[in-house]
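In the form predicted on its own, a lone chain appears below as structure tokens.
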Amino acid sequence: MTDIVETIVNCDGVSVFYGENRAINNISIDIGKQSITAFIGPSGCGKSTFLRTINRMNDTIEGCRIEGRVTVDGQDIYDASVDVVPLRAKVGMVFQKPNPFPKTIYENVAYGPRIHGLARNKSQLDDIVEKALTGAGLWAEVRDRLQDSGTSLSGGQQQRLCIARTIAVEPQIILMDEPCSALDPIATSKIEALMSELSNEYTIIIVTHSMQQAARVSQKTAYFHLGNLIEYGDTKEIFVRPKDPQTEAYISGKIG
């Protein structure tokens, strides 16, 4: 009997254009709740562009427009009535290069909850900060240095601080765009272990250039090529028994 996974992101016929240039071509995909989905493919294939449609980060790029429909938890996020600020709290993002604010470790995490009014007083804010840093696997390392600058941390710690900052506003979805590409192998393994833990509570979508990483952390994998979604399915099937010759060629290293 197959488990029925409830979906949280539904994309239907999504195309993305930069001016006249079509970067994403008519992609439809459904992503399940509390799971890890990996987007793989060669550089420039559109995987990061597609990731950014899920929290409207492409809105910040001049001349970018989208066709099709993207719903998150049943809501059409491109509807004119949607405010992108709460949307981007609900669909958080962790970038390729750690980007802590030039503030203390505490203020990095407290910033979002404060803006969104999630704490009524300092005690509640303290609790949110501790919970987020614990959830990001960082509390034990920084509990005695919360007033140090976030930029004083190592690269791997900075990335976990950015994850803490993301989960502090209680998102449903965390988008990760090559979150380990700037990190050493030890820091990478910590982030991967963290992703597995976080997927018990959050839906994670990760863009990665590392097929090994996709194979290790994700339940579902989508292979992109030249703006097209070539294949999407269970990670094990994609890597062991890909259905499309283009996927097989990429997985086996014949193209890339």
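Because the structure is a prediction, the values reported are computed rather than measured. The first residue of the sequence shown is number 1, and the count goes up from there.
Below: the form predicted in complex with a small molecule, not depicted.
Interface membership of residue 48, defined by any non-hydrogen atom within 4.5 Å of the small molecule in the predicted complex, is confirmed. Taking the partner from elsewhere, residue 43 is found to have a heavy atom lying within 4.5 Å of the small molecule in the predicted complex. In the predicted complex, the small molecule sits beyond 4.5 Å of every heavy atom of residue 107.
Within 4.5 Å of some heavy atom of the small molecule in the predicted complex lies at least one heavy atom of residue 23. Here the chain stands alone, but in the predicted complex its contact with the small molecule, taken as any heavy atom within 4.5 Å, falls in 35-43 among 213-221, 197-205, 35-43, 65-73.
Contact with the small molecule in the predicted complex, defined as a heavy atom within 4.5 Å, is made by all three of 18, 61 and 178.
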